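Single chain ahead, by itself, as structure tokens, in the form predicted on its own.
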Amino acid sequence: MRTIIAVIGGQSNVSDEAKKLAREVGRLIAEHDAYLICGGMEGVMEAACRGAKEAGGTTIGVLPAGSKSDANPFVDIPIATGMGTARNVIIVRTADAIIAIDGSYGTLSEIAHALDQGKTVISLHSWPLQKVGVDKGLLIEASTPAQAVELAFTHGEKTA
């Protein structure tokens, strides 16, 4: 079974730098022959999907609304949940590891769900939660896209 890596992060007001990081992360996930799962919308999610598609990868978008047409143009498999932010649980439970880039409260909720499930989160310019005592074994900071993807594959858990 192929590895599934989630990319979570900001949707609106995302900096060009965060989009550049996300695009590179998406490309590297595809080059590792893994699936990319995300929320399927704009910002970090769209940039990551774009990078994965440019490298021949497969992308899955778990959408908050009930219409597949809401997906960004780089999503291969849109899943229209109609669940709003509750869809964050689906993204996290499906992923073997999670890479957080930038982000606001929706990203924070995905990080919290992942940590609650004991899943590794790689933080690439996202929430600095080690400062409030989050286990360094579950929330690992990365400084580059390559390091983030390598850490995701090293520390992610394969689910069957």
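Worth saying up front: this structure is predicted, and the values here are computed from it rather than measured. All residue numbers are counted from 1 along the displayed sequence.
Just so it is clear, the following notes concern the form predicted in complex with a further copy of the same chain, a form of the same protein that is not shown.
- Taken together, Ile4, Val89 and Leu115 are fully in contact with a further copy of the same chain in the model of the complex: each brings a heavy atom within 4.5 Å.
- Heavy atoms of Leu129 reach within 4.5 Å of a further copy of the same chain in the model of the complex, making it an interface residue.
- The closest heavy atom approach of Leu108 to a further copy of the same chain in the model of the complex falls within 4.5 Å.
- a further copy of the same chain in the model of the complex is not approached by Gly56, whose heavy atoms all lie more than 4.5 angstroms from it.
- A residue is said to contact a partner when one of its heavy atoms sits within 4.5 Å of a partner heavy atom; Ala34 fails this definition for a further copy of the same chain in the model of the complex, lying far away.
- In the model of the complex, Ala71, Val75, Asp76, Ile77, Pro78, Ile79, Ala80, Thr81, Gly82, Met83, Gly84, Thr85, Ala86, Asn88, Val89, Ile90, Arg93, Thr94, Ala95, Asp96 are the residues of 70-97 with at least one heavy atom within 4.5 Å of a further copy of the same chain, listed from first to last.
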